[in-house]
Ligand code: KIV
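Next up: a single chain in structure tokens, the form predicted alone.
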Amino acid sequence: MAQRLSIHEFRAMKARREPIAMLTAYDYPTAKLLDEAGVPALLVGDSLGMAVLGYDSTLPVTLDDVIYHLRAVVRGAKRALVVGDMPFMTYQADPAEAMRNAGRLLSEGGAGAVKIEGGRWLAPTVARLVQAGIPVMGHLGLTPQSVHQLGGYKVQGKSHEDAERMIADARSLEEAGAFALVLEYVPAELARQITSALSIPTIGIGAGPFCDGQVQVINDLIGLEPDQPRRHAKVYAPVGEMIRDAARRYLREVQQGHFPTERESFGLASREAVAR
């Protein structure tokens, strides 16, 4: 049986300059396929709110939602490190509540680590979680749970002051014990500076090529939302169009009486035999 990757492997990957590929996953078959492909880290992100549940943002996603999808992903992935997102207001209000909720992602969901959004103000909570044995991945830049405060899905850290603040945030999270850091929608040069300043790996999304790794939403990778292309994403297989085409072909064959044929009827007599 394959041994699941630990958080220590990711620091080692940075040390040997091995780029880290991370993808989101929300269900068993997808997790199984991505794991078999060799993807070392899978994120059950609160992005499931938009990617799977049809919400307009990540804010309505609950802890129970994440745990439900975590269980499926953990069953499918035997080797990858599975990281569970902590949804909106499951860690911000109180460190003790954050501890309970993060613990549920590990004990009930089977996650190997949790991810939380926030900078220096969150460092004491990160430290408490790490001290309790809960691995933490940080998240800076565009933090979707703060989308209303940020004024939309915009690049963060463009001014000198904001960039300096983000570098300080990154260092604080590393000092608190975070094992990795997601950088979302930040200028490539700032991502390079943060990556160089840290001993823990940075995982970029819309943050340029200088991070230690990259993370993408699986729906973007396989074109499940072909009408909503994202600038930072690349479609590697047009699965969305393939599904739509398959459904249209199926619909047409059913309507025309071409499906099921004798082959798909499991021993039923042919139409001609039935007619006789």
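Numbering starts at 1 and runs along the sequence shown. Note that the coordinates shown come from a computational prediction; the quantities given were computed from them, not determined experimentally.
Omitted here: the form predicted together with this ligand. The next part is about that form.
Is residue 80 one of the residues lying within 4.5 Å of this ligand in the predicted bound form, judged by heavy atom distances? Residue 80: no contact with this ligand in the predicted bound form.
Would you please decide whether residue 194 lies within 4.5 angstroms of this ligand in the predicted bound form, comparing each non-hydrogen atom pair? No - in the predicted bound form, heavy atoms of residue 194 and this ligand never come within 4.5 Å of each other.
In the predicted bound form, does residue 173 have a heavy atom within 4.5 Å of this ligand? Residue 173: no, not in contact with this ligand in the predicted bound form.
Check whether residue 47 has any heavy atom within 4.5 Å of a heavy atom of this ligand in the predicted bound form, and answer yes or no. Answer yes; at least one heavy atom of residue 47 falls within 4.5 Å of this ligand in the predicted bound form.
Tell me which stretch of 235-243, 214-222, 31-39, 62-70 has a heavy atom within 4.5 angstroms of this ligand in the predicted bound form. Of the options given, it is 214-222.
Given that this ligand is left out here, which of 205, 126, 102, 111 has a heavy atom within 4.5 Å of it in the predicted bound form? For this set of options, the contacting one is 205.
Which of the residues spanning 159-193 lie within 4.5 Å of this ligand in the predicted bound form, based on heavy atoms? If the 4.5 Å heavy-atom criterion is applied to this ligand in the predicted bound form, 159-193 yields 182, 184.
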